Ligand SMILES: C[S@@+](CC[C@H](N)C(=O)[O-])C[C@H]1O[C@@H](n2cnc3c(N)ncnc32)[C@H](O)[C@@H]1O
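One chain follows as structure tokens, the form predicted alone.
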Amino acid sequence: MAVIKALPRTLGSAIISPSQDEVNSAVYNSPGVYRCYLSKHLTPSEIACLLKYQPYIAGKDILDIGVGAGRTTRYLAPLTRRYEAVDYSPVMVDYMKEAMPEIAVQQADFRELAAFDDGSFDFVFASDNVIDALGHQDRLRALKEARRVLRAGGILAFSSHNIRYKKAFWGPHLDWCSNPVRFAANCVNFLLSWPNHLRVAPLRKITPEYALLNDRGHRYACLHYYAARSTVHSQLAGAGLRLIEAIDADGRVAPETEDDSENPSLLYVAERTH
């Protein structure tokens, strides 16, 4: 993927740094971005979640947020009574309409799901850390929107970057691999990551509650939200959702007391209780 530029704006003689929204939109709205999402495989955490919570999916009404190029659609849509997919990137939506014309997909933002009535869905799925493209206040708003469109007893499952991950604050680094082709690809990614990192890293933000960090996703060109499990638990409660469990990268339920420093992200499962 080419280096994406989000230039500073000017106001008089002052230079205004781009916002998280502007930095991320420059990537997710870029032509051809769908090519980064053409995988057809679920992650171990997604497999574990969808198997365990299949009673909330099979023959039920499902909303898939951040559908991308339809990776999760292939697994979810055939099981459901009603499957709705949304993405905030018009590039992704256009790709989906061409690649999967039978799927109900529309451009919509996690923060604003006005296209759907209150209590419309039994299961809301937001995988691949899509909520982390949002800033703090917008994240809280998105969680409330998820609760609003869920029916009582419905499930929200979403993944989010883990601030306790041991490499969370790292910059670009080269991964050794004995396979020469893969190692060559790692070298290319390493070299292409540095211009993005030098441009975006000054926009990082670290607070006692969360951090906005650029990471390996899109070669350090995006700012993503990182939080600890305890913070996510609190945010869900504030939105009227009860955290049921967190699933780690290997597809195992991760107790809150367990060291989670090996997990770049966790998949959270929460319930609308009333």
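One rule holds for the numbers: they count along the sequence shown, beginning at 1. The model shown is predicted, which means the values in this text are computed figures rather than measured ones.
This next part talks about the form predicted in complex with the ligand, which is not shown.
With the partner omitted here, the stretch from 193 to 201, 133 to 141, 176 to 184, 148 to 156 that lies within 4.5 Å of the ligand by heavy atoms in the predicted bound form is 133 to 141. By the criterion of a heavy atom within 4.5 Å, Val67 is counted among the residues contacting the ligand in the predicted bound form. Contact annotation: Arg71 falls within 4.5 Å of the ligand in the predicted bound form, judged by heavy atom distances.
By the criterion of a heavy atom within 4.5 Å, Tyr210 is excluded from the residues contacting the ligand in the predicted bound form.
When contacts are judged by a 4.5 Å heavy atom cut-off, Tyr28 counts as touching the ligand in the predicted bound form. Interface residue among Tyr88, Tyr75, Phe116, Tyr165 relative to the ligand in the predicted bound form, by the heavy atom within 4.5 Å criterion: Tyr88. Residues are counted as partner-facing when one of their heavy atoms sits within 4.5 Å of the ligand in the predicted bound form; in 88 to 115 these are Tyr88, Ser89, Met92, Ala108, Asp109, Phe110, Arg111, in sequence order.
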